[in-house]
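Only one chain comes next, encoded as structure tokens, the form predicted on its own.
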Amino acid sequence: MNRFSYVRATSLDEALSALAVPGAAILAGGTNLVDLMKYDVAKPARLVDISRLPLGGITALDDGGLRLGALTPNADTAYDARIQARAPLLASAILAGASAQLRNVATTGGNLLQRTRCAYFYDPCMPCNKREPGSGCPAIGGVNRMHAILGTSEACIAVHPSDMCVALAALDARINVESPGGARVIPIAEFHRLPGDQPQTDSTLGADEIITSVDLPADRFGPHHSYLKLRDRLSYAFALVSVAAGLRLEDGVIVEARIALGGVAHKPWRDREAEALLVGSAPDREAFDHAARAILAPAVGRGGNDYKIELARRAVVRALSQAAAGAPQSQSDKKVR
């Protein structure tokens, strides 16, 4: 681990000022950053601890939505009665992720800023374009069973690991950030990046910006949602494929559909054209399979992860079927129904 300075901020202005040092990094729950530092993957020159700032809690918005403070622990979000009533898809996704101990510490803002997962990225002895741009991507042609099938580039095929962010993508969340220049709002669809030729940059958050909160629109899906996570074991494992599905039904017809995938791309993956295919259709397997095939049409396997294409298609169909039936995937027994 490299030597670094440490600042415990007592105000947002102090945190923003401390962040101005080149190589500074924000420390909140530390569940991802500290691991990266231990592996010598992340080498911040300064840690700016914002854990004492008043950026926690959940508040109601005038439009019926909810605001999650950036420092709200994931467990608090998942078990909040308002979240469970108005955004049950988010609660379910959080409970599908990590362990109870980690959910007690991990924060809303930190979850958004998780680095993409790849064994080569986490091994400083290996070349990796995310750590050292231009050094190569050994996952292409290497061990890539866990890697991306959508939105990849020849520079990187790593996947975004968050469950929470997949649900936020399906819900069209908005991310509020502050910088010395003022505040701005980043739609969740524009927050995470595809790798392109700059895989070292995971998000559009500026180096001088701090996430302060996340806004959720008013509830639209009620009981017609499901978060389905397929993994190697039923607890404490990253998704091979996950699906956040939400439907709005009127008179037995789909009038709105949301489908976001995790475990398949460098960011939570949505295909709005595929969602539009469901509007006006009956909520049946034929319509769901049609949408699933549209989502996976551009998918490309790299050998070890070829299986994900078919697995993702089936997962989309299953999640949409669960949502249509009002029988969301249980995150307590985790068995796929």
Partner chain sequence: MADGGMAIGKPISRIDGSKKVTGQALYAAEYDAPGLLHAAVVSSRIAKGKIIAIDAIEALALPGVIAVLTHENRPHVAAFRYAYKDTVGPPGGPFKPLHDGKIRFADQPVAVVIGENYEAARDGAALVRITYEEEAFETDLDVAKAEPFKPKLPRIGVKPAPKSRGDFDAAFAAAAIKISAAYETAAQHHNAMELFATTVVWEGEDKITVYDKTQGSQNVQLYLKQALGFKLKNVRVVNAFVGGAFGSGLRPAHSAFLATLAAKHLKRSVRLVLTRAQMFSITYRADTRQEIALACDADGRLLAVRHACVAATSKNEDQQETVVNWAGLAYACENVAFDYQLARVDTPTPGDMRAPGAAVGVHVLECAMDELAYAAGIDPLELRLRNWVEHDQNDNLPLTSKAQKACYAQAAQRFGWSERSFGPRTMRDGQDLIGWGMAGGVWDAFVAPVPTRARVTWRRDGRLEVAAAASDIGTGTYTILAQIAAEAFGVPVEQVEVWLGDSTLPFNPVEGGSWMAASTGAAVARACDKLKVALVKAARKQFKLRGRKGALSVSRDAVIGEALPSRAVSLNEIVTAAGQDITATGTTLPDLAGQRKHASYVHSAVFAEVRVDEDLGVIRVKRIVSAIAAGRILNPKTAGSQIIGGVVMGIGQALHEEAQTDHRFGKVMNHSFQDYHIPANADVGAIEVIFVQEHDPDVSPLGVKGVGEIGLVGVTAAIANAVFHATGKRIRSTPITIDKLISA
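Every value quoted in this text rests on a predicted model; they were computed, and no experiment measured them. Numbering follows the first chain given and starts at 1.
FYI, the form predicted in complex with its partner chain isn't displayed, but the following is about it.
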Thinking of V185, D202 and G301 as one candidate spot, does its partner chain come within 4.5 Å of a heavy atom in every one of them in the model of the complex?
no
Could you tell me which of 213 to 221, 194 to 202, 163 to 171, 238 to 246 sits within 4.5 Å of its partner chain in the model of the complex, going by non-hydrogen atoms?
238 to 246
Under a 4.5 Å heavy atom criterion, is R293 part of the interface with its partner chain in the model of the complex?
no
Partner contact for E190 in the model of the complex: its partner chain, 4.5 angstroms, heavy atom:
no
Is A207 close enough to touch its partner chain in the model of the complex, meaning at least one heavy atom pair within 4.5 Å?
no
Partner contact for D232 in the model of the complex: its partner chain, 4.5 angstroms, heavy atom:
yes
Go through 106 to 123 residue by residue and record those having a heavy atom within 4.5 Å of its partner chain in the model of the complex; state none if no residue qualifies.
R117, A119, Y120, D123
